[in-house]
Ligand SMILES: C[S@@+](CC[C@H](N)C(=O)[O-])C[C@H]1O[C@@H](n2cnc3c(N)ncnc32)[C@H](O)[C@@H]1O
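Just one chain follows, in the form predicted alone, and it is written as structure tokens.
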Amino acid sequence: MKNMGNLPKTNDSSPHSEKESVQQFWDSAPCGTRDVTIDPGTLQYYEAIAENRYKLEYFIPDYACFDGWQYKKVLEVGCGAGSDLLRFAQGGANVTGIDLSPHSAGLTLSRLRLYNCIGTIGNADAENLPFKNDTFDLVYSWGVLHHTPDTERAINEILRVLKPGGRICIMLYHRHSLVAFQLYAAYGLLAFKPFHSLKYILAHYHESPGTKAYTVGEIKKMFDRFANLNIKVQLTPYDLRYQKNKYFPHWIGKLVPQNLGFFIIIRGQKG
């Protein structure tokens, strides 16, 4: 695995900075691996991760267009266990993946090798991308940038490393979603802490420490330097979850306003 840059030092005097806590969280269980009990590193292990991912987030291929980047340079910021990056590689893209978690980056590298795919994988920080300006045709990041402390800095870094005319496909969490309201009910109302904000609850009780979620208006502002911006709220099975790993059927989603979805998908390009 190629090392593409050390993580930046912080001025945090606490034993572990927020970013280190995020890294440790995802090192302990890279995205998509928490409920997979098959031996890590095997073909069956990676197939189980992919099956779970695309069963729940069945809309990913439509947004990512995995087969539409042949011979193009694609960077995934936050590659996790490598499910999406593998699909880009199999579609003929020249792929690069980085992750704050060394464990995640290692899984992605071994996955590409297992499937006889080529790519450059490294442990690096989204807020300090170790690449030259104007390098990539596509920067893809699915459910990652809301975990880094300075999300806007990471967005600026993505803009920097994109080629002129290069495109983005980025997913961030939506604050005014059914998932967020479920968390508020559990950790606010039922915990007799009704004055805790959605921001507070998401930061303390959903995934890694400091997790953020945004309104559509906030996202428009953060991505205002991109041209041809397209922002869509996507209802997810997580919005229709009634207990752990149990979800209402898809048709129920047709009865729910789409603007209550947990995912916001942002597409655009560098002018």
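Each residue number is its position in the shown sequence, starting from 1. Computed from a predicted model, the values in this text were never measured in an experiment.
This next part talks about the form predicted in complex with this ligand, which is not shown.
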Requested in this report: Classify residue 96 as contacting or not contacting this ligand in the predicted complex by the rule of any non-hydrogen atom within 4.5 angstroms, answering yes or no.
Outcome: no
Query raised in the report: Does any heavy atom of residue 260 come within 4.5 Å of a heavy atom of this ligand in the predicted complex?
Result: no
Query raised in the report: Does this ligand come within 4.5 Å of any heavy atom of residue 31 in the predicted complex?
Result: yes
Query raised in the report: Contact between residue 177 and this ligand in the predicted complex at 4.5 Å, heavy atoms?
Result: no
Requested in this report: Please determine, with the chain shown alone, which of 192 to 200, 87 to 95, 113 to 121, 141 to 149 has non-hydrogen atoms within 4.5 Å of this ligand in the predicted complex.
Outcome: 141 to 149
Query raised in the report: Though this ligand is not shown, can you say which of 232, 212, 241, 53 has a heavy atom within 4.5 Å of it in the predicted complex?
Result: 53
Query raised in the report: Which pick from 100, 162, 155, 170 sits with a heavy atom within 4.5 Å of this ligand in the predicted complex?
Result: 100
Report task. Check each residue of 62 to 89 against this ligand in the predicted complex and list those with a heavy atom within 4.5 Å, in sequence order. Result -> 76, 78, 79, 80
